[in-house]
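Below, in C-alpha coordinates: the form predicted alone, a single chain.
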Amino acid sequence: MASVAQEPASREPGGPEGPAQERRALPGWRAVGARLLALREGSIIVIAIVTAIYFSVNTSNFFTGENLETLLPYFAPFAILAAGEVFVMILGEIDLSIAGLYLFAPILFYKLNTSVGLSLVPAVIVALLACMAVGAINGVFVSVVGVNSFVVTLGMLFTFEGLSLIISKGTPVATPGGQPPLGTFGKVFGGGTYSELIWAVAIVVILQIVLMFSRWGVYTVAIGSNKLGASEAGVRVNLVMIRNYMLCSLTAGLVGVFEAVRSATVQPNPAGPNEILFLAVAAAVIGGTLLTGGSGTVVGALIGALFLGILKDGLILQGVQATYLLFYTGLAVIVAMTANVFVGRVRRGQTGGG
(Lines give C-alpha, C1' and ligand atoms only; values in the text may rest on other atoms or scores of the structure.)
Protein backbone atom coordinates (compact mmCIF):
# COMPACT_ATOMS: atom_id res chain seq x y z
CA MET A 1 0.00 0.00 0.00
CA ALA A 2 2.77 2.43 0.92
CA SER A 3 4.50 1.86 -2.37
CA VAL A 4 1.24 2.43 -4.25
CA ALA A 5 0.63 5.64 -2.35
CA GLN A 6 4.11 6.95 -3.08
CA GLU A 7 3.97 6.16 -6.80
CA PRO A 8 1.77 9.10 -7.89
CA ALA A 9 3.88 11.56 -5.94
CA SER A 10 7.00 10.49 -7.81
CA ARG A 11 5.28 11.20 -11.11
CA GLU A 12 4.25 14.77 -10.23
CA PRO A 13 6.13 17.61 -11.98
CA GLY A 14 7.51 18.73 -8.68
CA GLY A 15 8.59 15.24 -7.69
CA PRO A 16 12.19 14.28 -7.05
CA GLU A 17 12.86 13.37 -10.71
CA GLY A 18 11.90 16.81 -12.08
CA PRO A 19 14.81 18.84 -10.61
CA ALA A 20 17.19 15.98 -11.31
CA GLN A 21 16.23 16.01 -14.96
CA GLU A 22 16.74 19.79 -15.07
CA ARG A 23 20.14 19.44 -13.45
CA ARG A 24 21.09 16.82 -16.02
CA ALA A 25 19.99 19.17 -18.82
CA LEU A 26 22.02 22.12 -17.55
CA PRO A 27 25.51 20.91 -18.66
CA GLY A 28 24.41 21.05 -22.32
CA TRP A 29 26.69 23.97 -23.20
CA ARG A 30 29.56 22.30 -21.39
CA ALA A 31 28.98 19.11 -23.36
CA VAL A 32 28.87 21.07 -26.62
CA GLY A 33 32.13 22.79 -25.68
CA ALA A 34 33.76 19.47 -24.82
CA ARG A 35 32.67 17.98 -28.13
CA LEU A 36 33.90 21.04 -30.00
CA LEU A 37 37.32 20.91 -28.38
CA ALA A 38 37.46 17.17 -29.04
CA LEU A 39 37.58 17.98 -32.76
CA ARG A 40 41.01 18.37 -34.33
CA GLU A 41 39.88 21.79 -35.53
CA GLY A 42 38.23 22.65 -32.20
CA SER A 43 40.77 25.06 -30.79
CA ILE A 44 41.13 27.14 -33.95
CA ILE A 45 37.33 27.30 -34.32
CA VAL A 46 37.07 28.74 -30.82
CA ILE A 47 39.95 31.17 -31.39
CA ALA A 48 38.47 32.35 -34.71
CA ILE A 49 35.06 32.94 -33.11
CA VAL A 50 36.58 34.82 -30.16
CA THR A 51 38.68 36.96 -32.51
CA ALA A 52 35.64 37.81 -34.65
CA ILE A 53 33.62 38.75 -31.55
CA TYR A 54 36.45 40.94 -30.27
CA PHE A 55 36.71 42.92 -33.51
CA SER A 56 32.93 43.18 -33.87
CA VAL A 57 32.73 44.72 -30.39
CA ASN A 58 35.67 47.10 -30.88
CA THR A 59 34.93 48.19 -34.45
CA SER A 60 31.59 49.42 -35.73
CA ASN A 61 31.84 48.10 -39.29
CA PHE A 62 33.39 44.66 -38.90
CA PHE A 63 30.20 42.70 -39.66
CA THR A 64 29.07 44.87 -42.55
CA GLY A 65 28.62 43.52 -46.07
CA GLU A 66 31.27 45.86 -47.40
CA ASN A 67 33.85 44.63 -44.92
CA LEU A 68 33.02 40.97 -45.55
CA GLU A 69 33.80 41.59 -49.22
CA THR A 70 37.10 43.12 -48.12
CA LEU A 71 37.82 40.10 -45.92
CA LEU A 72 37.56 37.56 -48.75
CA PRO A 73 40.95 38.33 -50.40
CA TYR A 74 42.59 38.03 -46.98
CA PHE A 75 41.71 34.39 -46.46
CA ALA A 76 40.35 32.64 -49.60
CA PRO A 77 43.76 32.40 -51.37
CA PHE A 78 45.41 31.13 -48.18
CA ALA A 79 42.68 28.53 -47.77
CA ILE A 80 43.25 27.11 -51.26
CA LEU A 81 47.03 27.08 -50.87
CA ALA A 82 46.78 25.53 -47.40
CA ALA A 83 44.40 22.84 -48.70
CA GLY A 84 47.04 21.66 -51.16
CA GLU A 85 49.81 21.99 -48.60
CA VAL A 86 47.90 19.78 -46.16
CA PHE A 87 48.24 16.79 -48.51
CA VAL A 88 52.02 17.22 -48.52
CA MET A 89 52.36 17.93 -44.81
CA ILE A 90 50.36 14.82 -43.85
CA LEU A 91 53.12 12.88 -45.58
CA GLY A 92 55.57 14.43 -43.14
CA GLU A 93 57.01 16.62 -45.92
CA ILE A 94 56.71 20.27 -46.94
CA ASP A 95 56.44 22.20 -50.20
CA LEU A 96 58.02 25.66 -50.28
CA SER A 97 57.92 25.89 -54.07
CA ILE A 98 54.27 27.01 -54.00
CA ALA A 99 55.45 30.62 -53.68
CA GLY A 100 57.51 30.30 -56.87
CA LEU A 101 54.64 28.67 -58.78
CA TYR A 102 52.19 31.24 -57.43
CA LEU A 103 54.41 33.85 -59.09
CA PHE A 104 55.24 31.83 -62.21
CA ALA A 105 51.75 30.62 -63.25
CA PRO A 106 50.22 34.03 -64.08
CA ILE A 107 53.36 35.11 -65.96
CA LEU A 108 53.27 31.93 -68.04
CA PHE A 109 49.54 32.45 -68.57
CA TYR A 110 50.22 35.99 -69.82
CA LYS A 111 52.93 34.84 -72.23
CA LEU A 112 50.83 31.97 -73.58
CA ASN A 113 47.96 34.35 -74.26
CA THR A 114 49.83 37.35 -75.65
CA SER A 115 52.89 35.79 -77.30
CA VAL A 116 51.78 32.28 -78.26
CA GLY A 117 48.21 33.27 -79.09
CA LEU A 118 46.30 30.79 -76.91
CA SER A 119 42.87 31.92 -75.78
CA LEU A 120 42.26 32.54 -72.08
CA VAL A 121 41.02 29.15 -70.87
CA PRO A 122 43.56 27.02 -72.80
CA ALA A 123 46.34 29.34 -71.58
CA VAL A 124 45.25 28.80 -67.97
CA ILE A 125 45.07 25.03 -68.47
CA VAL A 126 48.56 24.86 -69.98
CA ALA A 127 49.96 27.05 -67.17
CA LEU A 128 48.39 24.79 -64.54
CA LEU A 129 49.69 21.66 -66.29
CA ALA A 130 53.17 23.20 -66.19
CA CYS A 131 52.77 23.75 -62.44
CA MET A 132 51.69 20.13 -62.00
CA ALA A 133 54.76 19.01 -63.92
CA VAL A 134 56.93 20.94 -61.47
CA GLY A 135 55.08 19.24 -58.63
CA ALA A 136 55.79 15.87 -60.20
CA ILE A 137 59.50 16.74 -60.36
CA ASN A 138 59.40 17.71 -56.69
CA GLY A 139 57.74 14.39 -55.86
CA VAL A 140 60.30 12.38 -57.82
CA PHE A 141 63.24 14.08 -56.11
CA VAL A 142 61.70 13.56 -52.66
CA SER A 143 60.27 10.04 -52.99
CA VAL A 144 62.52 8.36 -55.57
CA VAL A 145 65.86 10.16 -55.33
CA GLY A 146 65.51 10.69 -51.59
CA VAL A 147 66.44 14.37 -51.33
CA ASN A 148 64.98 16.19 -48.35
CA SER A 149 61.72 17.93 -49.26
CA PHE A 150 62.77 21.20 -47.65
CA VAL A 151 65.90 21.36 -49.82
CA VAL A 152 64.17 20.32 -53.05
CA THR A 153 61.24 22.69 -52.77
CA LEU A 154 63.41 25.56 -51.54
CA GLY A 155 65.54 25.12 -54.66
CA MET A 156 62.42 25.10 -56.82
CA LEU A 157 61.18 28.21 -55.05
CA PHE A 158 64.32 30.13 -55.98
CA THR A 159 64.37 28.64 -59.49
CA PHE A 160 60.86 29.69 -60.45
CA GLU A 161 60.99 33.06 -58.77
CA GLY A 162 64.15 33.72 -60.76
CA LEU A 163 62.62 32.34 -63.95
CA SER A 164 59.58 34.58 -63.43
CA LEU A 165 61.82 37.64 -63.18
CA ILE A 166 63.76 36.59 -66.28
CA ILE A 167 60.65 36.02 -68.41
CA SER A 168 58.86 39.17 -67.25
CA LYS A 169 62.03 41.27 -67.03
CA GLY A 170 60.68 42.49 -63.71
CA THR A 171 57.96 44.52 -65.39
CA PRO A 172 54.30 44.40 -64.25
CA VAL A 173 51.80 43.75 -67.02
CA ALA A 174 48.02 43.85 -67.34
CA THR A 175 46.37 40.48 -66.74
CA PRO A 176 44.56 39.09 -69.80
CA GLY A 177 40.86 38.77 -69.04
CA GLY A 178 41.22 40.77 -65.85
CA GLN A 179 40.57 44.23 -67.23
CA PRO A 180 37.21 45.96 -66.72
CA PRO A 181 34.57 45.41 -67.78
CA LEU A 182 35.05 41.80 -66.67
CA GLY A 183 33.77 39.02 -68.90
CA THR A 184 32.81 35.52 -67.85
CA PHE A 185 36.44 34.43 -67.61
CA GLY A 186 37.38 37.26 -65.27
CA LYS A 187 34.34 36.79 -63.04
CA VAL A 188 34.97 33.05 -62.69
CA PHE A 189 38.75 33.13 -62.29
CA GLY A 190 39.11 35.49 -59.35
CA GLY A 191 37.66 38.79 -60.56
CA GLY A 192 34.13 38.20 -59.26
CA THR A 193 33.37 39.36 -55.72
CA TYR A 194 32.77 35.86 -54.39
CA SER A 195 34.56 33.77 -56.99
CA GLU A 196 37.63 32.98 -54.87
CA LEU A 197 35.43 32.17 -51.88
CA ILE A 198 33.36 29.76 -53.96
CA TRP A 199 36.50 28.13 -55.34
CA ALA A 200 37.99 27.88 -51.84
CA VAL A 201 34.91 26.24 -50.32
CA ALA A 202 34.52 23.85 -53.26
CA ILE A 203 38.19 22.81 -53.19
CA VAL A 204 38.20 22.36 -49.41
CA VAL A 205 35.03 20.24 -49.46
CA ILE A 206 36.30 18.03 -52.30
CA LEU A 207 39.75 17.53 -50.78
CA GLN A 208 38.34 16.85 -47.31
CA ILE A 209 36.10 14.15 -48.79
CA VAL A 210 39.07 12.72 -50.68
CA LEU A 211 41.16 12.74 -47.51
CA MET A 212 38.52 11.03 -45.38
CA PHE A 213 36.79 8.60 -47.72
CA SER A 214 39.09 7.70 -50.62
CA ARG A 215 42.02 5.31 -50.89
CA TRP A 216 44.17 8.27 -51.86
CA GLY A 217 43.44 9.95 -48.54
CA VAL A 218 43.83 6.75 -46.51
CA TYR A 219 47.16 5.99 -48.20
CA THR A 220 48.33 9.57 -47.58
CA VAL A 221 47.68 9.28 -43.84
CA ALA A 222 49.23 5.81 -43.76
CA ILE A 223 52.43 7.01 -45.41
CA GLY A 224 52.71 9.94 -43.02
CA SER A 225 52.19 7.66 -40.03
CA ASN A 226 54.53 4.86 -41.11
CA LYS A 227 56.05 4.98 -44.57
CA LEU A 228 57.76 1.59 -44.30
CA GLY A 229 54.64 -0.07 -42.94
CA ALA A 230 52.53 1.44 -45.72
CA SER A 231 54.98 0.20 -48.34
CA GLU A 232 54.94 -3.33 -46.88
CA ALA A 233 51.12 -3.22 -46.89
CA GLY A 234 51.18 -2.71 -50.65
CA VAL A 235 50.77 1.07 -50.86
CA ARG A 236 52.57 2.58 -53.85
CA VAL A 237 54.33 5.17 -51.73
CA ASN A 238 56.22 6.95 -54.49
CA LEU A 239 53.12 7.35 -56.65
CA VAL A 240 51.06 8.79 -53.79
CA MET A 241 53.80 11.24 -52.85
CA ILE A 242 54.25 12.43 -56.44
CA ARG A 243 50.48 12.83 -56.78
CA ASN A 244 50.29 14.93 -53.61
CA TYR A 245 53.06 17.24 -54.75
CA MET A 246 51.28 17.68 -58.07
CA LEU A 247 48.08 18.62 -56.24
CA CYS A 248 49.93 21.14 -54.09
CA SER A 249 51.54 22.74 -57.14
CA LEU A 250 48.18 22.84 -58.92
CA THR A 251 46.57 24.82 -56.09
CA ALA A 252 49.53 27.21 -56.05
CA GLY A 253 49.26 27.95 -59.76
CA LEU A 254 45.49 28.30 -59.54
CA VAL A 255 45.71 30.86 -56.74
CA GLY A 256 48.39 32.75 -58.66
CA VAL A 257 46.05 33.13 -61.63
CA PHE A 258 43.13 34.08 -59.37
CA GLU A 259 45.09 36.84 -57.67
CA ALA A 260 46.47 38.17 -60.95
CA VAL A 261 42.95 38.41 -62.39
CA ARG A 262 41.56 39.94 -59.19
CA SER A 263 44.24 42.64 -59.07
CA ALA A 264 44.17 43.04 -62.88
CA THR A 265 47.99 43.05 -62.86
CA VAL A 266 50.67 40.38 -63.04
CA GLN A 267 53.26 41.49 -60.50
CA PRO A 268 56.69 39.78 -60.81
CA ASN A 269 57.65 40.58 -57.22
CA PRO A 270 58.85 37.63 -55.07
CA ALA A 271 58.23 39.43 -51.77
CA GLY A 272 54.45 38.98 -51.83
CA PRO A 273 54.45 35.26 -52.73
CA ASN A 274 57.01 34.47 -50.04
CA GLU A 275 54.77 36.02 -47.39
CA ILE A 276 51.77 34.15 -48.77
CA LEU A 277 53.74 30.89 -48.59
CA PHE A 278 54.36 31.21 -44.86
CA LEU A 279 50.79 32.30 -44.15
CA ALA A 280 49.47 29.26 -46.05
CA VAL A 281 51.72 26.93 -44.06
CA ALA A 282 50.66 28.69 -40.87
CA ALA A 283 46.98 28.25 -41.79
CA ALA A 284 47.50 24.52 -42.30
CA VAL A 285 49.43 24.07 -39.06
CA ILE A 286 47.17 26.07 -36.76
CA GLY A 287 44.23 24.33 -38.43
CA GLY A 288 45.39 21.01 -36.98
CA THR A 289 47.84 19.49 -39.49
CA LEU A 290 50.96 18.04 -37.91
CA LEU A 291 54.36 19.01 -39.31
CA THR A 292 55.54 15.52 -38.38
CA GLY A 293 52.91 13.96 -40.64
CA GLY A 294 50.26 11.32 -40.16
CA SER A 295 47.41 13.67 -39.28
CA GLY A 296 45.74 16.65 -40.90
CA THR A 297 42.50 18.26 -41.92
CA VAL A 298 41.63 20.38 -44.94
CA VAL A 299 38.66 21.97 -43.17
CA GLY A 300 41.02 23.01 -40.38
CA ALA A 301 43.25 24.70 -42.95
CA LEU A 302 40.24 26.68 -44.17
CA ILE A 303 39.41 27.78 -40.62
CA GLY A 304 43.07 28.61 -39.97
CA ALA A 305 43.10 30.79 -43.08
CA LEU A 306 39.83 32.41 -41.96
CA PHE A 307 41.38 33.19 -38.58
CA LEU A 308 44.40 34.86 -40.21
CA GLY A 309 42.08 36.82 -42.51
CA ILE A 310 39.90 37.99 -39.62
CA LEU A 311 43.00 39.03 -37.69
CA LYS A 312 44.49 41.07 -40.54
CA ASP A 313 41.18 42.67 -41.48
CA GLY A 314 40.35 43.51 -37.87
CA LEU A 315 43.74 45.05 -37.19
CA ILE A 316 43.42 47.24 -40.28
CA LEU A 317 39.94 48.37 -39.21
CA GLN A 318 41.35 49.30 -35.80
CA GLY A 319 43.90 51.54 -37.47
CA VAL A 320 46.97 49.44 -36.66
CA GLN A 321 49.96 50.57 -38.68
CA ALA A 322 51.11 48.30 -41.50
CA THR A 323 54.51 47.94 -39.84
CA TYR A 324 52.85 46.14 -36.89
CA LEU A 325 50.72 43.67 -38.88
CA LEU A 326 53.33 40.92 -39.19
CA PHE A 327 54.27 41.38 -35.53
CA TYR A 328 50.71 40.76 -34.36
CA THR A 329 50.27 37.95 -36.88
CA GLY A 330 53.31 36.18 -35.48
CA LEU A 331 52.05 36.47 -31.93
CA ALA A 332 48.63 35.19 -33.00
CA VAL A 333 50.14 32.13 -34.70
CA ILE A 334 52.08 31.30 -31.52
CA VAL A 335 48.95 31.68 -29.38
CA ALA A 336 46.89 29.53 -31.75
CA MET A 337 49.53 26.80 -31.85
CA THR A 338 49.85 26.84 -28.05
CA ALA A 339 46.08 26.36 -27.81
CA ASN A 340 46.32 23.48 -30.30
CA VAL A 341 49.01 21.77 -28.24
CA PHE A 342 47.08 22.25 -24.99
CA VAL A 343 43.81 20.94 -26.45
CA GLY A 344 45.67 18.01 -28.01
CA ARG A 345 47.09 17.06 -24.62
CA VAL A 346 43.65 17.28 -23.02
CA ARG A 347 42.18 15.15 -25.82
CA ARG A 348 44.87 12.49 -25.43
CA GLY A 349 44.40 12.51 -21.67
CA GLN A 350 40.66 11.99 -22.02
CA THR A 351 41.21 9.20 -24.54
CA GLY A 352 43.72 7.51 -22.31
CA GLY A 353 41.51 7.89 -19.29
CA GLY A 354 38.49 6.51 -21.13
Partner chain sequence: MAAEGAQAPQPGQAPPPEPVVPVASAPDDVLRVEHIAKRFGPVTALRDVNLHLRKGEVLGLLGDNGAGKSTLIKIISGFQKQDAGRMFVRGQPYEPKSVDDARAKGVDTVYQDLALIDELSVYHNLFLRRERVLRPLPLLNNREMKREARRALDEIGINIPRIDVSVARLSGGQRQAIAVARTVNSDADIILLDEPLAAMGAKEGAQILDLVARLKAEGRVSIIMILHNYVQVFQACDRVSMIQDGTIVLDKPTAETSVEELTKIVVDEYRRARLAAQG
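Positions refer to the first chain, counted from 1. These numbers were taken from a predicted model, which means no experiment stands behind them.
The discussion below concerns the form predicted together with the partner chain, not included here.
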query: Touches the partner chain in the predicted complex: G234 (any heavy atom, 4.5 Å); finding: yes
query: Heavy atom of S295 within 4.5 Å of the partner chain in the predicted complex; finding: yes
query: Heavy atom of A222 within 4.5 Å of the partner chain in the predicted complex; finding: yes
query: Heavy atom of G229 within 4.5 Å of the partner chain in the predicted complex; finding: yes
query: Listed residue (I209, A271, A133, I125) with a non-hydrogen atom within 4.5 angstroms of the partner chain in the predicted complex; finding: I209
query: Contacting member of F158, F150, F213, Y194, with respect to the partner chain in the predicted complex [4.5 Å, heavy atom]; finding: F213
query: Stretch in contact, per heavy atom within 4.5 angstroms of the partner chain in the predicted complex, of 110-118, 164-172, 276-284, 234-242; finding: 234-242
